[in-house]
Each structure stands twice: as structure tokens, then as C-alpha cells.
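There is one chain below, alone, in C-alpha cells, taken in the form predicted alone.
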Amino acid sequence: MTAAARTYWLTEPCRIRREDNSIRIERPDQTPIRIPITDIRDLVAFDHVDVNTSVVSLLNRHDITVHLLDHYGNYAGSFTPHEGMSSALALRRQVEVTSDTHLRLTAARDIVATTAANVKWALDTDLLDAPLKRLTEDLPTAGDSNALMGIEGNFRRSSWEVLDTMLPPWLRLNGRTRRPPSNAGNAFISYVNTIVYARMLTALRCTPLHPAIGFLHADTDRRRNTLALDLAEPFKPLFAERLLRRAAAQKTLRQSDFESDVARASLSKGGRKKVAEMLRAELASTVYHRSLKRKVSYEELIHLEALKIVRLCLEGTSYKPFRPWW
């Protein structure tokens, strides 16, 4: 995988085949697309994909991950290459840091506090001042991850209610629901959150860290990776809540972009393309980084977050979760 490589978003059912050192993506009723393997950072599949052993072998050789989302935007799994960036020293230090109760809880509290502050920033409202104050007061008393997740859940319920006041009736969440999402607003949030998680997983795969050894989330979810879940949390408001607010204000989304059944909803084929376009544009947005003294994209901010954990493990540098400064 080269620095110039890109993420490719597969929003339609397709077959992926190998052609020399390229892959050929065959979509229904369209001319096949050929992509040099060196141009691919990772693939995000919103729909069914058909791959064969030859393609898997090529992707593995070039350290390319394929992220799979199910029909409702839930994370279904990933094809991940061999541990090409693994380092015994980094892994030992990562286990030591996350096994230290004080260090683990400190990082977990910071993630919860920062995520809540980022939600307030994304919604840009004083209505969350009181819930945020309660969360800040309760965090020091939380003695384990379950207590921290409970405090975060209370704040999140308040934030969903505030978010609903900014949305048209058909796009309101009316409480967060997953697996499957119950309405259009929840379907949007689920898709975007899953993609943010996938971006973080790709970022971690570019470091010597193991994505399943983290701080906040339970280690018992064998389908997802704890560290990727942890580090994705502060970024979710930047994309999910913020983009949903913007889409509602600009009337970018329509009811026809969703497919609804009894108590379940998902993005339609056109809706998946629209959300993918919104996210690609947002990930390419840039801000001036005060420490690096240059512009960085939101995508690069996600990679920089993974590098913070590398420095925490190998250099003992304190970890400060991502917080928008602009």
C-alpha cells in the first residue's frame, strides 16, 4: 500500500477479479473498472461482493483490507491481510499499558469525556451544557468500563433528543436503535458510524498495534476490535451527527434514499451512493494542524490518532483523544 493509495467504496453488488497486478470490478450493466493494486488503500463494501482466491492472494500481498457492511449498515467483518506491520515490542507494551488499571481507566475516561464534548461541538447548542456537566461530575466516580459506558449512555440519550429537535420529523431518531435501525435517522447514523470504525481499523493496520487490545469497550465482542472502537468514538460526532444536521439543513437526503419496513430501515441503492459521496468529500476536507504546521485531511487525523497510541506504548507520551480545534 503506497502513500498515494485511496479508499474505494463499493456501493453496488459486484464481482472482483484479478488482472495481472490490477483488480477488475465488474458491476451489473456497466463497463468493468480496472484499478492498479498500488492505487488501493482499502475497500469498503456496502453491498454483496464476489471475490476469488486469486484476488484474496493479491490483496493480502499488498496489505489491503476489505471492510464489509451488511444491508442495515452494521459492521459485518473484514478481510484483513497478514500481520505485516506487527512488532513484538509494540505488542508487549500495548498489553502492559492496557492491563494497567490506572492507565486503562484514565484513557477510557478521556475518551468518554472527549466524545461527549465533541458531540456538543457537532450539535453546536447550549442544550447539552447540563448533560455534559453531569457527565464530567460522574466520570471520576466510575471505577470500571461498564460504569463509564453507562455514564456515556445517559449523555448520549440526551444528545439524541437534542439532535431530533434539529431534524425534520421523518429523519428523527426517536431513540437510538441498532441491528436493525428502526428508521431513516438511525440507518444514517449506523452506516456512518460503521464507516468511521472501518477507517480507524485501516489506520491501526498501518501501525504495529493490535486493533483488538483497547481501553474502553469490552473485550468480549469477537467480531469487532476494541481499540478501533475506542479510537473511533471521538470521531463519530465529526461525521455522523454533523453530517446528519447538514444533510437535514440542506435537504440533501430524501425519504426515497431509504428503504423502510416494519421497525427497520436501511439506505437504498441511491442512498448508499449519496452517503458514500458525502463521506468521501468530508474525509478529504482539510484543516491547518498547529503542531505539524501544515494542512491535514480528516482522513489523516484518523491516522494521527492511531499514532498517538503508538507513542503512548513506546514512548510513554500521554494520550489526548481527538478534539476539533477549529
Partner chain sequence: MFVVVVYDTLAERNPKILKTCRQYLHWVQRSVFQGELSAAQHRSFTEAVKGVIDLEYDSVLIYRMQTHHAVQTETIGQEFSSGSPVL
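All values derive from a computational prediction rather than experimental measurement. Numbering follows the first chain given and starts at 1.
Below, we turn to the form predicted in complex with the partner chain, even though it does not appear here.
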**Heavy atom distance at most 4.5 Å to the partner chain in the predicted complex, all of V51, H71 and S266** = no
**Item:** Answer range among 63 to 71, 285 to 293, 28 to 36, 253 to 261 for contact with the partner chain, defined in the predicted complex as heavy atoms within 4.5 Å
**Value:** 28 to 36
**Message:** Residue-level contact is defined here as any heavy atom of the residue lying within 4.5 Å of the partner chain in the predicted complex; does E277 satisfy this criterion?
**Reply:** yes
**4.5 Å heavy atom contact, F322 and the partner chain in the predicted complex** = no
**Message:** So, S318 and the partner chain: in the predicted complex, are they within 4.5 Å at any heavy atom pair?
**Reply:** no
**Request:** Flag K273 as yes or no: does it have a non-hydrogen atom within 4.5 angstroms of any non-hydrogen atom of the partner chain in the predicted complex?
**Result:** yes
**Request:** Let me know which residues along 5 to 44 have a heavy atom within 4.5 Å of the partner chain in the predicted complex, or say none if there are none.
**Result:** R6, T7, Y8, W9, L10, T11, E12, E19, D20, N21, S22, I25, R27, I33, R34, I35, P36, I37, T38, D39
